[in-house]
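Just the one chain here, laid out as structure tokens, in the form predicted alone.
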């Protein structure tokens, strides 16, 4: 099997020559996967020189047809030979896959064009970075809350008896050190990096399991979290920015650069963020032990920190999908400053961001609904890990910051943080 690639009027065309059988099905699947990961959601398979398709080949075609349809894309078979067309027709998949061509007309997409949004997005480009800004609700904002004392973590004095209960309803976003449970006793010994958004929550337990746990709202069952310390906000997101870095010199955009672009479009001193993005590499840390068990010993003391935390020594989780919740402030107040830290070289703002990492899946293009984007990530599989994102800017050993290839970022102005009452 020979496969050559061409771009044609916004579609990527894979020209195949040979037999699409069990021996070559995986190779063809990998070629389609590479096209999708490169940002192409309209993929044509040119079958002029394909003389045989087996059940293994049909399975690959169906797999990627479903995957691209789910993100408003399309996989088409174009110009199949008579014998292959008959196989596809007998299999019952020709109608959904084979592009219908008229002899004197150009190819037409089998996907109906989406209706234009009520408010067309603003598009621009900076040094090869492409942006698309959608207005969701111009007056929308979130009200921020501070929970606990992050200083107590460095002191080794965090206690489950002084935790905060958080009910993760659909209009709340949160990050912090938390554990699932309705009472403080249910969280003891399991507190780790946690995030919540759109009625869903993900937490990395520190009980030795090393497997992220999650809860999604089901009917009247709403995730409940015990939080040692963290940040939360309630309200609605006002804007969505789509970003694509494939044409930039490095092919990526850093977290700090994305935050900087958000603040350029948002005249506000602080903002809340939800990001769903294809990763080029994440940089951060994860707790190994629950900080409520520190008994006065600082988890940040050296060399004991090695027993308490695991840091990325190189860029991790490349070519996967990250769900990120975070907060950033241009000039932190004395109250919020202990909760925030440097984001990276692209912005002077400080922030606090957690990322839940999932296996790769393509993201639909254009305007997305947050409530329709987050739950499917959790319903289709367990998260791989949860990280507190950090910028490693050491002169020689540093591995930099978190980078993305493309994705979506919901954001909104944030009212000044205030301390939430303790339960």
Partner chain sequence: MNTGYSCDVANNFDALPAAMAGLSRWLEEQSVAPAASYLASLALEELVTNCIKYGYDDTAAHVIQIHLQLAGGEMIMTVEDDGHPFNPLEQAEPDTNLPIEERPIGGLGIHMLRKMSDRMEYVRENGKNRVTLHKILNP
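Positions refer to the first chain, counted from 1. Note that the coordinates shown come from a computational prediction; the quantities given were computed from them, not determined experimentally.
Missing here is the form predicted in complex with the partner chain; even so, the following discussion is about that form.
Q: Work out which of the listed stretches, 65 to 73, 383 to 391, 356 to 364, 28 to 36, brings a heavy atom within 4.5 angstroms of the partner chain in the predicted bound form.
A: Going by heavy atoms within 4.5 Å, the stretch is 65 to 73.
Q: Consider the chain as shown here, without its partner, and state which of 129, 216, 321, 96 has a heavy atom within 4.5 Å of the partner chain in the predicted bound form.
A: Contact with the partner chain in the predicted bound form is made by 96 alone.
Q: Between 120, 267, 92, 249, only one gets a heavy atom within 4.5 angstroms of the partner chain in the predicted bound form; which residue is that?
A: It is 92 that has a heavy atom within 4.5 Å of the partner.
Q: Please state whether all three residues 53, 59 and 84 have a non-hydrogen atom within 4.5 angstroms of the partner chain in the predicted bound form.
A: Checked in the predicted bound form: all three residues contact the partner chain.
Q: Using the partner position in the predicted bound form, report whether residue 22 sits within 4.5 Å of the partner chain, counting heavy atoms only.
A: Yes, residue 22 is a contact residue.
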